[in-house]
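Below sits a lone chain in structure tokens, taken as the form predicted alone.
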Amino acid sequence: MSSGPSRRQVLQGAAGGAAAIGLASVAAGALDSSGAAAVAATPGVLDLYINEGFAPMVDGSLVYMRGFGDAPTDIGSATPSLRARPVVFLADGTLVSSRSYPADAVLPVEGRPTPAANHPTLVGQCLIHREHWASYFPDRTIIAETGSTVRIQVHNQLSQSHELKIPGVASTGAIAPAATAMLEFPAPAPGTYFYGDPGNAPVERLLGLHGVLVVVPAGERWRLSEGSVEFERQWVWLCQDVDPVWAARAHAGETIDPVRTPASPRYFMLNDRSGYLSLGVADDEAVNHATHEETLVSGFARPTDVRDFSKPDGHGSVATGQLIRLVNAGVVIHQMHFHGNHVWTVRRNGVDFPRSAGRVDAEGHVVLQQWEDVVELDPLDRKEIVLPIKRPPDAIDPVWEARAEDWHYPMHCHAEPSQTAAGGLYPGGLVADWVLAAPGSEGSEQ
């Protein structure tokens, strides 16, 4: 790692990484590299710009993309704004620009929460801090507390009509070229929502016009919803598919018929990264640092009780893991396979799974809270899962007690398209990892 200041130190120096903003995270009237001017800021309103440009893929290829950016750029920009940085709509009406939430919570170094103490009776396991750690969020994430009003002004920079829609919540309707639309709505029920352009589905969302809205209960910020699953910290995993053939045709001004010419994605991304970039092993340490903070789950072993994630354990802690919000913006059915631990699935598309008396839905899925090592994620699916971060069940005592370094476990997609794309270049596909931290590696108390 670089010997310079850590990202955590930089963010703390900037008031915990949060700053009050108006319409956009650029100053009113500021110019981007292409010469386009941003609109004047309005307090409490987020500006999103529908832009186009070329984005680098994991193999260095440049692919034409569209996106909801937070600054106006045009197709000639070397650094087009195709995805907005995270923002938070607070219940008090304030809009802040922040990669972390809650703003008054402690930032975990490299994204990894440190424990409160060693467990008094279980060797190699820890007690976790309760309602203590902030979580980092990737680009394209909008966070809203319950009780807030979400205000988004969308500027269409392109030559076709576009739309920003949150299914079941709100929509701008069609926005003509060079036009602006205002979207205002009260924060919906706590949960995970998809936003995107439904035009010529799924073409526009595959070209990059998509993102995630996370709604958090203002009074219970470490729970999925009021009285529901509690967690140590949370993560957003946004799965994305890229079809460079569709992209080239869109750049040429063609109308794509997704029925006559089905998508054939070549690149598969998690939070806008693929392969070695997703795994945080790039040459750029700043990129690796951000990947660890917002994508690569990490924590210390603890006992977990799925019957009640908020049940006090008698030691000032609770037996819970970390929440992952899975969202599929693509067209491929993904099979998110975890090594090391099974995960506990609690919700799909805003509907909580029951703890008993489950059922089989029309698609053949079992609707029941349960352990899974492969989580199916259909296109536009939103699922919330808990990774317990517990001792692997096949770790025998001598091995467990001799553990002196981090244990890294892969998460990869089991679906064939992401493994055979680009001639079978699987490491360039949908992949991540999670880490069971070594005892004694927690460093100083945070």
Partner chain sequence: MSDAEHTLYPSQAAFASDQNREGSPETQFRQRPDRTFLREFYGRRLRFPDGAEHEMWGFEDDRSGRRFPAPLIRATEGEMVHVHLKPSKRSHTIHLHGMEPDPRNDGVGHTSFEVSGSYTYQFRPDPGAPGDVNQGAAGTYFYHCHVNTVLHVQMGMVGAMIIDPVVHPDYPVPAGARRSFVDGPLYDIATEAMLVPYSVDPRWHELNHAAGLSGEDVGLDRFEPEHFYLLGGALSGGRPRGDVQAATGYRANLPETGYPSLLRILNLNYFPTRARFTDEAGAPVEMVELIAHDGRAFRDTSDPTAPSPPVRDTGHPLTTSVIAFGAAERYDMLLHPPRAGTFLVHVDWLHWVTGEILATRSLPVVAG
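Numbering follows the first chain given and starts at 1. In this text, all values refer to a predicted model and were calculated from it rather than measured experimentally.
There is also a form predicted together with the partner chain; it is not shown, and the following applies to it.
Chemist: How about residue 139 - does it come within 4.5 Å of the partner chain in the predicted complex, if we only consider non-hydrogen atoms?
Modeler: No - in the predicted complex, heavy atoms of residue 139 and the partner chain never come within 4.5 Å of each other.
Chemist: So, residue 414 and the partner chain: in the predicted complex, are they within 4.5 Å at any heavy atom pair?
Modeler: Looking in the predicted complex, residue contacts with the partner chain include residue 414, since a heavy atom lies within 4.5 Å.
Chemist: So in the predicted complex, is the partner chain close enough to residue 390 to count as touching (4.5 Å, heavy atoms)?
Modeler: It does: once the partner chain is placed as it appears in the predicted complex, residue 390 has a heavy atom within 4.5 Å of it.
Chemist: Taking any heavy atom pair closer than or equal to 4.5 Å as contact, tell me whether residue 410 reaches the partner chain in the predicted complex.
Modeler: Taking the distances in the predicted complex, the answer for residue 410 is yes, it comes within 4.5 Å of the partner chain.
Chemist: Just one stretch in 217-225, 163-171, 105-113, 129-137 has heavy atoms within 4.5 Å of the partner chain in the predicted complex, so which one is it?
Modeler: Going by heavy atoms within 4.5 Å, the stretch is 105-113.
Chemist: Would you kindly say which of 200, 94, 264, 149 lies with a heavy atom within 4.5 Å of the partner chain in the predicted complex?
Modeler: Contact residue from the list: 264.
Chemist: Among the candidate residues 245, 181, 75, 306, which is the single one with a non-hydrogen atom no more than 4.5 Å from the partner chain in the predicted complex?
Modeler: Contact residue from the list: 306.
Chemist: If we check the partner chain in the predicted complex, which of the residues in 263-294 reach within 4.5 angstroms of it by a non-hydrogen atom?
Modeler: Contacts from 263-294: 263, 264, 265, 266, 268, 275, 276, 279, 280, 281, 282, 283, 285, 288, 292.
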